[in-house]
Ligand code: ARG
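Next up: a single chain in structure tokens, the form predicted on its own.
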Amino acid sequence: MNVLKKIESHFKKVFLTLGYNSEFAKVSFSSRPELCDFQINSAFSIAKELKQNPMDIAQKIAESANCKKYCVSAYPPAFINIKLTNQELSKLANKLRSEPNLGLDPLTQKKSILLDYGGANVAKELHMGHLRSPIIGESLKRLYKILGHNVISDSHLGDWGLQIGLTIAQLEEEKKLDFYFNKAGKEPIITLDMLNEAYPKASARKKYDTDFKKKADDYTLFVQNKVEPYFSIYKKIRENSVKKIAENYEKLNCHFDLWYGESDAEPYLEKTVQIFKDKGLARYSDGALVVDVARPGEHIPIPKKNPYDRQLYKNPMPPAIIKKSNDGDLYATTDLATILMRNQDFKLDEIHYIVDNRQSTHFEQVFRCAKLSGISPKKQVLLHVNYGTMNGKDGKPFKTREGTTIKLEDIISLLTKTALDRLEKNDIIGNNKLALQIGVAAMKFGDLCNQISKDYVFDLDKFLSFEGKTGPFIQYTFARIGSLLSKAKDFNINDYSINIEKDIERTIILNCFKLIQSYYISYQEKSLCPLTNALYNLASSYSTLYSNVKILSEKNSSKKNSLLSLSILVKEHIEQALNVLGIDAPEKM
């Protein structure tokens, strides 16, 4: 139910009767809710077009639009204020609950969209830096689905790059892979603890040990070419890593339709590169195969003052490298091959990548390559949904006191333990499942209530508060309503009827409609921030009602029925919104 469109239909008729362009009958929620519910701001535009006084135009519209449903007035300098009568608002509220998806209409154009998020690298454990992609991606997936799109989610694991070669090289030098290389001893069990030690050592070592870096590059190429025993070792590493990654994503309420990785695009790599060669789009540069993707006005060399200075460019857009000089594949190669694979497997209107903003240039290059080569059809949308970093209170990327990155498993444990301590204050002891639900809600809501393109501060104490704009507060409001309804034993849910009388009741219903509208805004902005804001406003307004009105002791049965019916509507809206955010809605807290 689009309440704005419903009101607009009335005003379009009024505008046409007055001889005004009906396209100007654009209704929005009021920016001054103490004055009215909705407003129209187009009197200024109409007056400019007709060369008349804006306030005169607004008054004419207000006089003609007043009716039993709407109280309409002109407000200086020329706003048209609209307030629904209690009777009309009650009618809309009662209709809302019977609507599919609580009045959330599907978008008129249904699309097939693949979401690429998660993107964890195998051979190393998930850490805080891996949080935002699954949190944002999972919520966008659920948002797209509830708005009617056909959605496919793919984890797109990083399982084909240098980290594999680095890890194998390190484990080999530590004599932990003798079974494979020297046929000595028993086949080792490659544990996550081994990987957690090996990869950081190897990653640091490659910066100063050129021989080791060369070995890691070679081993990566051996894996990509399925040379033994490197490929068998790789499969063991991948198997153990993916199992742990899936467990952590499960705790985050994050689920994928596909668990593909870069390696799944391997059968398409040669074909992908050949497409560029056949179309004359690729050239060799210092032994590497590159594709020029710069457009006019981009990547223009800036004259050097000193011939030994590093070359700088105006509007830098370097060529995309699709083959290294040693014939190895890069992220650009596998990403392009993956697009080719996806378009052969599915008929996709759009592909969205939820990856941090440091990869913006990479995706711009890949997208341009895909369009130049025809790997991505002209009408297909390739979109990079980029996000900022999660920082500590010092404004720097979130790390331990020792300066190391916190493991995802550790932060989930910390959130759960802190939530357990908070629950004890409410006499709920030892409920680990509930504590996990609250901890994850705190983390997810704390992330999603920010504009995703910006950095934000991870504040554990603030996020876990049962008061204020937090996930636990929303969950607590939901649980409160559930507790209230369970105590209303004489209430017949079939006698559902809302009869609005007080301003706080009006505010709650209007916040329900604003919440509905926020889904569409979140979709347009590719950010869940509008939805979290609207959800908080609804929960907050209901909390005000709950704190000031004794619903269960209301003596007027009709009024009591109305308040309980209103509570049901709010509870259902909160549950639906939390589900889109990937947050559980516990019945008790």
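A residue's number is simply how far along the shown sequence it sits, counting from 1. Keep in mind that this is a model prediction, so the values were computed, not measured.
Just so you know, the form predicted in complex with this ligand exists too; it's not on screen, but the next bit is about it.
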Check your understanding: Among I146, L464, L126, V355, which has any heavy atom within 4.5 Å of this ligand in the model of the complex?
Key -> V355
Point to revise | Residue (of F231, Y331, Y496, F181) lying close to this ligand in the model of the complex, criterion heavy atoms within 4.5 Å | key: Y331
Practice item. Would you check, heavy atoms only and a 4.5 Å threshold, whether H156 touches this ligand in the model of the complex? Key: yes
Point to revise | Distance check, P319 to this ligand in the model of the complex, heavy atom within 4.5 Å | key: no
Review point. Hey, in the model of the complex, does S112 get a heavy atom within 4.5 angstroms of this ligand?
Key: no
Check your understanding: Could you tell me if G482 has a non-hydrogen atom within 4.5 Å of this ligand in the model of the complex?
Key -> no
Review point. When this ligand is placed as it is in the model of the complex, which of 433-441, 115-123, 279-287, 466-474 ends up with heavy atoms within 4.5 Å of it?
Key: 115-123
